[in-house]
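In the block that follows, a single chain appears as structure tokens, in the form predicted on its own.
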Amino acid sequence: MDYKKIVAERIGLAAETEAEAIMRFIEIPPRPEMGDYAFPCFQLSKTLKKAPNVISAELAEKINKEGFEKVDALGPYLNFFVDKSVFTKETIEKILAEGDSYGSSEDGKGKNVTIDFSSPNIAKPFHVGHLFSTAIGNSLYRILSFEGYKCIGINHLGDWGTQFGKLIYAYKKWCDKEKLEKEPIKELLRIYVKFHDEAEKDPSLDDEARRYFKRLEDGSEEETELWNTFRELSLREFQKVYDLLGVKFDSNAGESFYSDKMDPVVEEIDSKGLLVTSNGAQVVMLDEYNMPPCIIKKADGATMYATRDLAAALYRKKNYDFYKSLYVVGMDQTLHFKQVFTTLKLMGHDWADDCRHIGFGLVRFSDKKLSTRRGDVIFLEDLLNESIEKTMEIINEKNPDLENKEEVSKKVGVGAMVFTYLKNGREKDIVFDWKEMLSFDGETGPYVQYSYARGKSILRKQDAIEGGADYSKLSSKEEFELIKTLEGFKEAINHSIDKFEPSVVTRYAVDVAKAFNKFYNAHKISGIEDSGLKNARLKMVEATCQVLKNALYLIGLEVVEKM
């Protein structure tokens, strides 16, 4: 039962106004004694031409109170106290009946959403920074799919550009073929770094790189074969990381896919009188939008990222007819996407308003900065494996006899990293801290996974006793706060979608774990002779485990049955 919706409908009926207009302003009071839901009557004072406190008093008398213990007026606020036994019974039974589907809906049915995420560069390391885009994109894919949207996950690989001219030159000059086969990305990184070192001494190498890339653009057989080799080797290595993370894509169409689709875009921009020449380059002027020009072609005729992104946007609209098109790319590209979306609008494509840049912050290490050109990178696969190893050390210390230690270490170690990237607002930077990340206390992935395992342990050790569950006996503060938190799952999901912010679901999972542990520490289950109370508590624990499982899935984590 959606109590928030019921509250809105009751107020709307009593005040003779639209329930939808009321829904937006319903609040959860800061303290339980103030009620379970509250409505600030300021919102009605203009239409009803009365003081808010008068409105709240009149509505408290007039409103249908069925299903609520009481409805009180407190100054300008109308406070609703739900019938706890009904609320508890309905919430637990709904969760257990719907299981893995609890919290899902068909809100997005018939709506396609393209999600451009991860998108590492071919022949370069899949480093710690890439996990930000990968984790956010994967979570948004799961959350939106859970609510009925048809998601198309796109790995827009960086597989085109002059860097491939550099790489081809470096491959011919310095590549160790044996190392390339064993550790392809590390060898390609080594020769890429060497190219930049040598180019600093001899700038003519940059001309050689441009010459090789021009041959690649022209379809030269040798350069194309090398490019395909770099791409296939890179994808093979990237897949190891995606398998660890449980990430899948519907398309791996990278920048190269649009190489033959850019001329029509340039022609369309020109035909609409938008293309002008500036310092030899062809650009779209965006002065009136307080932005620098969007460069479509450089003075030498080469296309730019913007040209490829314009071509990609047009292709995705034509082929997927998206309701929303999301670009999960770092905050440093904010201006770029503003330029691209504004250019699309100027071209007459109003659906550009449905394109959204989902920005995120940086990953920082207290003692180092990362640079691909200098080779100062931390490979994500290495870091994930290190997290798994450190988790295994903790398990060996805390529970050396645990079954399936390898599987648990993998789920918890990988989950700890993903959780770290998703637990705060995506625009905030992350400072990498092993101790905090792998802690089984506090707001971490291991803490939430352990809470689930604790609940499953209770269910394994305690059997229901004869007689049904009496939910009216779940009357303590800790029990009702847990039930209210469980009931709020769908609202957390909706809030997450409104903001395209996975951290809302991540924080919700932490709230459930905290509420469960407060209950667990305050109330016993073993040894209870009252069958109605014991069975109700077991059902509540079972419902808690189900909600934790569903929430963790939406952010890309797996549960563990024992820890």
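None of the values given here were measured: they were computed from a predicted structure. A residue's number is simply how far along the shown sequence it sits, counting from 1.
Here the subject shifts to the form predicted together with a small molecule, a form of this protein not shown in this document.
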property: Any non-hydrogen atom of residue 327 within 4.5 angstroms of the small molecule in the model of the complex; result: yes
property: Contact label in the model of the complex: residue 104 to the small molecule, heavy atom within 4.5 Å; result: no
property: The small molecule contact in the model of the complex: residue 359, any heavy atom under 4.5 Å; result: no
property: Any non-hydrogen atom of residue 333 within 4.5 angstroms of the small molecule in the model of the complex; result: yes
property: The small molecule: the contacting residue among 130, 166, 423, 297 in the model of the complex [heavy atom, 4.5 Å]; result: 130
property: Partner-contacting position among 444, 485, 121, 409 - heavy atom within 4.5 Å of the small molecule in the model of the complex; result: 121
property: Listed range touching the small molecule, judged in the model of the complex by heavy atoms within 4.5 Å, from 202 to 210, 333 to 341, 189 to 197, 237 to 245; result: 333 to 341
